[in-house]
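As structure tokens, one chain now follows by itself in the form predicted alone.
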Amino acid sequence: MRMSELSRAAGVPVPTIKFYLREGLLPAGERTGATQAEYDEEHVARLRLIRALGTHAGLSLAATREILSAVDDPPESTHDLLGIAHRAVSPPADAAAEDQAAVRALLEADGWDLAAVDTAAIDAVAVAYRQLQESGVAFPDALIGTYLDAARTIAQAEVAHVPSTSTSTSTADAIAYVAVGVVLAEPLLVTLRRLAQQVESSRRFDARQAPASD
């Protein structure tokens, strides 16, 4: 297909496609003339991935490039793939040593195996946990335990659905699932949590939801 056809198929404007080509994010098409090239469905899929990472997920050009580099030159293990995606989409966090130790103790007491976990991921949790403590609001241990259980349950389900990386095509599918899912699923989780809070609050506190008396 010509670039104009590629643009229509992927829903990406021609000037944007040319920018991606100049930046090396999109592989060049097969030359058919001095100023013409042919593109295929792999280019369509690549453009959709770039759009999902940059437009929908809001990643920077550098983060998008890092993820696409992993697609083109994948690591040996899917676990390393997840780490690349997390580092690309997560802002850096610098936790104090005592906060990191406290979070490690909390998680390991709950049975979490942190041996192969990035320090950056633990730092991010430690910073968030410190901010929660500094809010002055008392969160009971049972609630923190519920958060841990919920996070582990969600992660187990998500990781179980990561596509196999046995072929180059499935590797691209896997990193797209991981990288895009990491970012785009988080707003869904947050909004579902808020909606569920309203449903539960209405059930528990709103007299209008009380069952009618006989």
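If you're wondering where the values come from, they're calculated on a predicted model, not measured in any experiment. The numbering used is simple: start at 1 and walk along the sequence shown.
Note that the form predicted in complex with a further copy of the same chain isn't included here; everything after this is about it.
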At the 4.5 Å heavy atom threshold, is residue 121 in contact with a further copy of the same chain in the predicted bound form? yes
**OP:** Answer yes if any heavy atom of residue 70 is within 4.5 Å of a heavy atom of a further copy of the same chain in the predicted bound form; otherwise answer no.
**Re:** no
Checklist line | Interface membership of residue 109, a further copy of the same chain in the predicted bound form, 4.5 Å heavy atom rule | finding: no
| Hey, in the predicted bound form, is residue 38 touching a further copy of the same chain, heavy atoms inside 4.5 Å? | no
Margin query: For a further copy of the same chain, considered in the predicted bound form: do all three of 12, 18 and 32 come within 4.5 Å of it, counting heavy atoms only?
Written below: no
Contacts from 31-48 to a further copy of the same chain in the predicted bound form (any heavy atom within 4.5 Å), listed N to C, are 48
